[in-house]
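Only one chain is shown below, in structure tokens, and it's the form predicted alone.
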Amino acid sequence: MELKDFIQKFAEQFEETAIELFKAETVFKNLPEWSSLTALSIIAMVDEEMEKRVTGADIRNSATIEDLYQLVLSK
């Protein structure tokens, strides 16, 4: 999966946040809609779409969407 596709799938986990806010450098934890439930949705999306496992710690240790993407690729 390419970064642009990851960003699209990531954005789909949010219901009210404008798609324009999702870029590689977006600090996702600063988005108003971010919550622990969103984090669980991201974990499930990565598992389903990329067949990789990420943990809550992985998400906590990532600042931007691209950071998380690179971490997932490294697994």
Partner chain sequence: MYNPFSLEGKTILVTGASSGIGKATAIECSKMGARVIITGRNEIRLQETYNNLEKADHLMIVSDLSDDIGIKNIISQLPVLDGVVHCAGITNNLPFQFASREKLDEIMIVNFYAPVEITRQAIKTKKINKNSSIVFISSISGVFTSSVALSIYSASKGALNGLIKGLALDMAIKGIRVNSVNPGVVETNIFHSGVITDDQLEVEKKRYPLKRFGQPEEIAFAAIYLLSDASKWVTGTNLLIDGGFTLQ
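All of these numbers come straight from a predicted model, not from anything done at the bench. Numbering follows the first chain given and starts at 1.
This protein has a second form, the form predicted together with the partner chain, left out of what is shown; the following refers to that one.
Participant: Can you tell me if residue 50 lies within 4.5 angstroms of the partner chain in the predicted bound form, counting non-hydrogen atoms only?
Facilitator: Residue 50: no contact with the partner chain in the predicted bound form.
Participant: Is the gap between residue 36 and the partner chain in the predicted bound form 4.5 Å or less for some heavy atom pair?
Facilitator: Looking in the predicted bound form, residue contacts with the partner chain include residue 36, since a heavy atom lies within 4.5 Å.
Participant: So in the predicted bound form, does any heavy atom of residue 31 sit within 4.5 Å of the partner chain?
Facilitator: Although the partner chain is absent here, residue 31 would stay clear of it in the predicted bound form, with no heavy atoms inside 4.5 Å.
Participant: Would residue 23 count as touching the partner chain in the predicted bound form under a 4.5 Å heavy atom rule?
Facilitator: No - in the predicted bound form, heavy atoms of residue 23 and the partner chain never come within 4.5 Å of each other.
Participant: If the criterion is a non-hydrogen atom within 4.5 angstroms, does every one of 27, 62 and 64 touch the partner chain in the predicted bound form?
Facilitator: No, none of the three is in contact.
Participant: For a quick check, can you give me the residues of 30-50 that have a heavy atom within 4.5 Å of the partner chain in the predicted bound form?
Facilitator: Contacting residues: 36, 37, 40, 41, 43, 44, 45, 47, 48.
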